[in-house]
Ligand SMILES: Cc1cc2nc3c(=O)[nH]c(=O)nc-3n(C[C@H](O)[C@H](O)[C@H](O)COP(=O)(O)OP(=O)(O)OC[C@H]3O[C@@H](n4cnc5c(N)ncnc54)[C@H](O)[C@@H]3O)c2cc1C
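Single chain ahead, written as structure tokens, the form predicted alone.
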């Protein structure tokens, strides 16, 4: 069989190996933590995910299919419809009300504006189509929540390709809400990682050279690791944002606002990017009735500073004055790729100039878990088709 090396044991590498192993002998090389940012803190009085934890059934077909193939469907749990908020002028406002206000404050442009062609930032697109208010207070908050970077720095084509050529009123679609339910795995997303690990051959090794005993190499390593391996300085053009998360556990209900959580637009220059009300979204994961579990995302900082910042924020934003029973922090120095203007052309150039290796991973597909899995399945299908063509040629 063809021997394939997959570099990187995050969700991109593991799912790619899973799909490829049906037609080849695959080895995954990972030097640190298998699973990447996905993991679950199972011990203690409170349940917490240290990475992604909520997924939309309307946008995660590939993830749901993978969960089914790995016989994890019985562990799926779903959330009831949740109210979402945006931090605006020191208060939490519902996304629907903010969208309606956006419609009144310039969003009618959305019905007739024909955006100029050419690549632009997410903020420039939103400003052009909806006006400055929507761009600053809605679109920026959403972008920050997904990509951990301000909308003024990120490419629309790379981050939200579906919006670039979208027709009809996007604000009206937002007011109607998104279809589909939020879901996760009851025991934690580490279940997905453990199931994939059982299907893969994993070698814990720091790869320092591309001279491997393999016929084909796929790399899901971060761009900065690829720069070390290839010596190509262009990989360093892919910047990464750092993230610190602080998780708070309270024995009883301390939330005045109920819902999914809230986002903080970057125009407020706060260290807090957003808060997820974990106990509201998935109360099935509460260890005891009435618990409150919060996950706060911040720009990268040290633990002491992060905890102080978070306790101050939940007091000011949510009116929570008491000290939590548990506090956990996670720090990711280089967490999410920042796909700025020219990102797609950069990837195309890197792929063209490194034909001996297939580039994959979050800086190619985007950071969403489902996007990584979709990319993996697509690459495996390409490999299968190419293999079939070779077999037909031999016959």
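What you see is a predicted model, and the numbers here were worked out from it, not measured in a lab. Positions refer to the first chain, counted from 1.
This next part talks about the form predicted in complex with the ligand, which is not shown.
- With the partner omitted from this view, the residue of 329, 27, 40, 54 that lies near the ligand in the predicted bound form is 54 [heavy atom within 4.5 Å].
- With the partner omitted from this view, the residue of 347, 64, 336, 358 that lies near the ligand in the predicted bound form is 336 [heavy atom within 4.5 Å].
- The stretch among 218 to 226, 286 to 294, 154 to 162, 134 to 142 whose residues place heavy atoms within 4.5 Å of the ligand in the predicted bound form is 218 to 226.
- Of the heavy atoms in residue 207, some are within 4.5 Å of the ligand in the predicted bound form.
- A residue is said to contact a partner when one of its heavy atoms sits within 4.5 Å of a partner heavy atom; residue 340 fails this definition for the ligand in the predicted bound form, lying far away.
- Taking non-hydrogen atoms only, residue 17 never approaches the ligand to within 4.5 angstroms in the predicted bound form.
- Taking non-hydrogen atoms only, residue 354 never approaches the ligand to within 4.5 angstroms in the predicted bound form.
- Relative to the ligand in the predicted bound form, residues 31, 36 and 362 are all within 4.5 Å by at least one heavy atom.
- Taking the ligand as positioned in the predicted bound form, the residues of 7 to 32 that bring a heavy atom within 4.5 Å of it are, in sequence order, 8, 9, 10, 11, 12, 13, 29, 30, 31, 32.
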